[in-house]
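Only one chain comes next, encoded as structure tokens, the form predicted alone.
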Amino acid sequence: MRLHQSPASPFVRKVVVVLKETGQEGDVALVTATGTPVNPDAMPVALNPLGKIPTLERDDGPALYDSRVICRYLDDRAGGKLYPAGPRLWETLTLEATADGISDAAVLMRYETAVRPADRQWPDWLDGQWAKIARSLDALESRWISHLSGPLDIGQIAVGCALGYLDFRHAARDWRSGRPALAGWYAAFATRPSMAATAPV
């Protein structure tokens, strides 16, 4: 299999962490893809009409996307370790959706400042994206620490990758301020070998 990816993407990182945690690294070749919504030429548009990464190219079926589909596929392929049974599954999937929403907003902020011409940037829109992130971080701090501290699942991986991306692209926003429990959880989670090996640089 081939994973079309960029190591800076929090969504790609989530997939690569899953590969490492499920022992499937050797089954997938990493193929670098670069581009933006306004310049998708180097993105895998023939495999994924959305022109987004990650995209997983398979030999036995159509390419898979987005990260949630890929991670679920890889976990199933490895025998199912990261998606718990019963009521906890719905918590796990909601936590993953929250983390992916943080990453979505953070990537949009990055595009606004790195791709859009300076004279066309909209500060209020940037603040609106950060407000979504801040509300989500507050929810993680107040509602989700017990789940984050439980057995490893895809929700934890997604949150770890989202927080790592905030450090990578938006460190000046200081997401840790006022969120000591979340900051403490992340400090420990970031030391997992799968996380340490995939930290964006």
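For every residue, the number given is its place in the sequence shown, counted from 1. Just so we're clear, the structure is a prediction, and the values are computed from it rather than from any experiment.
Just so it is clear, the following notes concern the form predicted together with a small molecule, a form of the same protein that is not shown.
Contacting member of K81, R116, R88, R110, with respect to the small molecule in the predicted bound form [4.5 Å, heavy atom]
By the 4.5 Å criterion, the partner-contacting residue is R110.
Just one of R169, K132, H147, R68 has a heavy atom within 4.5 Å of the small molecule in the predicted bound form. Which one?
Among R169, K132, H147, R68, a heavy atom within 4.5 Å of the small molecule in the predicted bound form occurs only for R169.
Only one of 135-143, 148-156, 161-169, 55-63 has heavy atoms within 4.5 Å of the small molecule in the predicted bound form; I'd like to know which.
It is 161-169 that comes within 4.5 Å of the partner.
Is M1 part of the interface with the small molecule in the predicted bound form - any heavy atom within 4.5 Å?
No - in the predicted bound form, heavy atoms of M1 and the small molecule never come within 4.5 Å of each other.
Looking at the partner-bound form in the predicted bound form, is S6 within 4.5 Å of the small molecule by any heavy atom?
Because a heavy atom of S6 falls inside 4.5 Å of the small molecule in the predicted bound form, the answer is yes.
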